[in-house]
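Just one chain follows, in the form predicted alone, and it is written as structure tokens.
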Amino acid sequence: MAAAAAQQHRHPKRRRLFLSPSPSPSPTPTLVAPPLVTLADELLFLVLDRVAQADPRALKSFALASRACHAAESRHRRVVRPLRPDLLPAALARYPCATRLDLSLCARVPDAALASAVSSSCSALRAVDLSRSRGFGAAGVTALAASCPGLADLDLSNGVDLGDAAAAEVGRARGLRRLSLARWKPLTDMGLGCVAVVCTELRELSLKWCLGVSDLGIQLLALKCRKLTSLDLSYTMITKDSFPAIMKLPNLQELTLVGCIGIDDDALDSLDKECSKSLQVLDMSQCQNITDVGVSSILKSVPNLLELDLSYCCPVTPSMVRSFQKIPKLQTLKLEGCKFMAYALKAIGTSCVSLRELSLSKCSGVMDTELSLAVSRLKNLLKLDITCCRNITDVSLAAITSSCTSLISLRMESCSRVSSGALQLIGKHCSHLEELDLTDSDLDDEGLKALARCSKLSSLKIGICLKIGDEGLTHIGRSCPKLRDIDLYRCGGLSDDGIIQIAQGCPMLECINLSYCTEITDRSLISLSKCAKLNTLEIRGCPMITSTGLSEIAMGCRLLSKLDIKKCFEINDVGMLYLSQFSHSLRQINLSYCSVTDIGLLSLSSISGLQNMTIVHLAGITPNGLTATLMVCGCLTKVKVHEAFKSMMPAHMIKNVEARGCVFQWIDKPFKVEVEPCDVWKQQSQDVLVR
């Protein structure tokens, strides 16, 4: 009997996990939770998705709960993002069901690390991202292609040292659907040909900044990869010799030609009528050799175009705008930085009646009369960008708000001639707004009270609005619960009371900029610590904030990834210790002018994913402390440090850190503690603009 009892109690946990519930023989019935293994994976994965959405690190805790939880989490994970390349084999073995390998946290990935991935555990991988990694070559690409037979998505952007040999190995992945070779400057037609001949199933390809590719390679690509739907040839040297072949791709839907100086009016005029009925998106921004004549010519070839980008391209003339009638389905028109000739803007209203999005950012020649006439006919407009259109006044805004009542995005930064009274019209008539940018405007508290009617707002940028105060911000906090991003840069009239209202009323907040709001204190940060989804916090130039407030942020906002505390003079090592303990998602930090010493700086090395540090004018930092920190922080990709340290640090240490893929930016700026008042700073900025 004793032996039987001992055997019965030897594995109590296993019994509870695997035995199905049965009626209890005791008089008092007990509830037994259903075992984890009885749940279908689909249901369990839905639960884990919810858990990861709230806190990605919670999955690690779940996996440590039991063997069954460990196995379930292993089956659930689809994306592997190792911190260091030497962890790659273990990570792939741990997650055999992963379909995406993201190496963006690894600044340097040598060929040996990619070769170590050659195993059956990689057979499930469908996508690999090496866009931020260096150190690998043709051998590494060979190993990757061999180990991932089902590879369909490969991002090798920024491979500035990769060329034809590596491209030939890319061709081993015959099933590729999406490929990015952006910034492969040594790549020539020969390497591109190796890819084109083998990877005939390609749907999306980026050759941006591939300066060695000529018309010959592009023609071969167009001949072999007939299934292409998206092609990016920005800043390449293509000319009219290969342009017709590109435009005749039967399935091409998106073509990007940013900065292609070889594309001119002759190239655009060489196309046959309606030669590309499939093309829906065309980006010819910064093509400086194109005129309005060439634009008018190409539109006859793309009758089904939905989106056209001519930013910084050529002056906009009435005849060019009238040619837009050839593309009646056009929904998005971007003309940023263009010069409008007389009557051209007015013509947009009559020629583009189907427009949903119009960008006139930084355009010259935009006046009240023509803009008012244009928007009065664009009743279905959803997005409008008139940033830095400094000649428009209340007349234009009245026309916009009365005609375009369905707007979901309005960007009008630095429209300085629009009065505070006119800005109230936005809230009264455009209640569907989700994104609003009124940076550097005459907005006041009455305007914010009116904007509170826009309850769907998710992004609000009202930086350098010197007339707003806590009262106006209170209205926003009480009425806009969906707010995720708010920019209050240099709003000197704000105090803790207004920020507290935002924190309490906007629980979904992810990003807030309070830089140079000099009156806020730790009270604001304590209230913001309740916003669990906060990932970006900018509080530079807030001298009344201390480590007390920062510690609350660290404990409450576990998703914090970007932190700017430059010129927060009262933040010291205590704040760094809290960050090292709780902010494991931190990727970027600016510590300049803080009261941090070697102890605090070295504590940050425990944040394994930290990639970007700015540490200029830290009086408490010594060369030894800086050296120790840089040696321990293995994931750093960029460090800004004062030039004086360059001669004080061992040269071999600097080379060692650079060999890991980290880039040093040596800053030689004078020490400047004073923070100018917001109104003084704004006046100085306007004086510079006038000059």
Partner chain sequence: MDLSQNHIHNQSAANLYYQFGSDNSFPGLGTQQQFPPFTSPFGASPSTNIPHMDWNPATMLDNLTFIEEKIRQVKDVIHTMVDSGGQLSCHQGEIAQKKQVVNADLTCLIVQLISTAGSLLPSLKNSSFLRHPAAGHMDMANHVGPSSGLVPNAMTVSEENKEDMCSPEDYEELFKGWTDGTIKEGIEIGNVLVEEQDMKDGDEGKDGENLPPGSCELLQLEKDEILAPHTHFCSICGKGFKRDANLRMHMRGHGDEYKSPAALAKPPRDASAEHELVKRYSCPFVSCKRNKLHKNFQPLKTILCVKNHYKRSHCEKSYTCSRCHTKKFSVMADLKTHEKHCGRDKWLCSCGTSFSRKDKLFAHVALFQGHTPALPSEEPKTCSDQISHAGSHQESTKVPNSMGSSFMWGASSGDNNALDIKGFDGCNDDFLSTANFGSFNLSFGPADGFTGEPSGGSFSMLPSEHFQSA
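For clarity, every value in this text was computed on a predicted model and none was experimentally measured. Numbering follows the first chain given and starts at 1.
A second form of this protein, the form predicted together with the partner chain, is not displayed here; the remarks below concern that form.
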| query | Do heavy atoms from each of 189, 194 and 197 fall within 4.5 Å of the partner chain in the predicted bound form? | reply | yes
| Hey, of 345-353, 243-251, 212-220, 433-441, which bit sits against the partner chain in the predicted bound form at 4.5 Å between non-hydrogen atoms? | 212-220
| Here the chain is shown alone; which of 165, 293, 526, 124 has a heavy atom within 4.5 Å of the partner chain in the predicted bound form? | 165
| Residue among 326, 540, 132, 224 with a heavy atom within 4.5 Å of the partner chain in the predicted bound form | 224
